[in-house]
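Below you will find one chain, with nothing else, as structure tokens; this is the form predicted on its own, and questions on how it binds or moves follow later.
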Amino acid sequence: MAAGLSQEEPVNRRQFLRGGLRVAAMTGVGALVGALAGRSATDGTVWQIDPARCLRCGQCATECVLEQSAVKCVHTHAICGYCELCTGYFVPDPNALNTGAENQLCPTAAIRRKYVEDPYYEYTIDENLCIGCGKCVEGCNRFGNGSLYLQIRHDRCLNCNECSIARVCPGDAIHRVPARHPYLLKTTVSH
């Protein structure tokens, strides 16, 4: 035997099986990654809510496969009236126009109200608290200018092959859109 070379030890059955399992696991992971990458590259679409077709039924909050829905309220500030009496923020006939929980329409207090100047207030959405129930959107569309609406947030969505919310949506408002333009922005006032 030449100097510096060692004789290889024979491989026993346990080592052989362990090595085979590692190769099989790596092959499986590689196939899964390849399939997912191929699907997203060929499909190129994501789920989204069409604000014009949304009925604000509340099913986005309960039908998403995630524990907290990927659907969140979005506020288009460009069409907001910054009203003191925001019908997306306040319950009908509030006790007072303040931030008290009894006056807020949102069940999780996800809408923040901030005084700007008399008589204007700014409303922002805390997406971590928003459950996608649509109560604020309903109020804003019924009595306001429609600057609040629902959208699927793609940093949260799993982009399931068959969206569980789309399956039960009574307004057929959820459909696939090109991934390069994933958000359907509301630019006009609803009537």
Partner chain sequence: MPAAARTTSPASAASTAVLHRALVNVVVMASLFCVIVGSAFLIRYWRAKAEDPLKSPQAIALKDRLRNEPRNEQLKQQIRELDLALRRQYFRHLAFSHTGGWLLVGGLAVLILSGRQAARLRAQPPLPALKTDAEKRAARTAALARWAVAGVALATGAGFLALSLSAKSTLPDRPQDLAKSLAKLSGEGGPDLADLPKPAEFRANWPRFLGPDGNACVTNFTLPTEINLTNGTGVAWKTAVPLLGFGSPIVWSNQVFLSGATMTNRAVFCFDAATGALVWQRPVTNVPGSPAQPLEIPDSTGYAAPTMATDGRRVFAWFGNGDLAAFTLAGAPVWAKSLGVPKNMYGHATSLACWQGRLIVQFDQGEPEEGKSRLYALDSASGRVLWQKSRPVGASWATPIVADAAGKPQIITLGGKWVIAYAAKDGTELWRFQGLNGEVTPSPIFAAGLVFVISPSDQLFAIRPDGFGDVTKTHQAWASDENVPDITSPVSDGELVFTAASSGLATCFDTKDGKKLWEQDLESEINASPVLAAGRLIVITKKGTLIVAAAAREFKLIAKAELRENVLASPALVANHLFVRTTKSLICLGAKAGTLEVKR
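Values in this document were obtained by computation on a predicted structure and should not be read as measured data. Positions refer to the first chain, counted from 1.
Heads up, the form predicted in complex with its partner chain isn't pictured, but that's what we're talking about next.
Peer 1: In the predicted complex, does residue 165 come within 4.5 Å of its partner chain, counting heavy atoms only?
Peer 2: It does not: once its partner chain is placed as it appears in the predicted complex, residue 165 has no heavy atom within 4.5 Å of it.
Peer 1: In the predicted complex, is there a heavy atom of its partner chain that lies within 4.5 Å of any heavy atom of residue 131, even though the partner is absent here?
Peer 2: Answer yes; at least one heavy atom of residue 131 falls within 4.5 Å of its partner chain in the predicted complex.
Peer 1: Listed by sequence position, which residues of 77-104 have a non-hydrogen atom within 4.5 angstroms of its partner chain in the predicted complex?
Peer 2: Those in contact are 95, 98, 100, 101, 102.
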